[in-house]
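Here we start with a single chain on its own, the form predicted on its own, put down as structure tokens.
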């Protein structure tokens, strides 16, 4: 059975337990920016329920123009006021460099990516850089942002100051 078929079957079970429509505004007025890593079950590790928060995920959980676009919409149209960053240990972006990744993609496809991969070697430094970018964004209504690192080996979250 294909994975999408398993997902469609799982959705049937989910729909049978579905609690009904929720408000579009996140109940806890918070937005989460996190890595797309499949080892991070964000709702469970942050104590969130469906409808509590906006969740924006990308490779590395890095702050890009699209991250800022999504957060701007989240704050201006849907009332969020706090942002939490969730990076993690053993991130794939720590295992490459800008040059190596661009070379790999170009070798495989014949095209060099026009965008930066945002590789990093120090997860705490990357969290601090992401917090700086958000605090300096002129588009956000609130610059209440805190950064964390999730340990994929222990399940623990620690704050980066």
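Residue numbers count along the first chain shown, from 1. Computed from a predicted model, the values in this text were never measured in an experiment.
Omitted from view is the form predicted together with a further copy of the same chain, to which the following refers.
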Are any of the heavy atoms in residue 109 no more than 4.5 Å from a heavy atom of a further copy of the same chain in the model of the complex? yes
Can you work out whether residue 128 and a further copy of the same chain are in contact in the model of the complex, taking contact to mean some heavy atom pair no more than 4.5 Å apart? no
For residue 68, is any heavy atom within 4.5 Å of a further copy of the same chain in the model of the complex, or not? yes
At the 4.5 Å heavy atom threshold, is residue 39 in contact with a further copy of the same chain in the model of the complex? yes
Scan 34 to 50 and write down, in order along the chain, each residue with a heavy atom lying within 4.5 Å of a further copy of the same chain in the model of the complex. 36, 37, 38, 39, 40, 41, 43, 44, 45, 46, 47, 48, 50
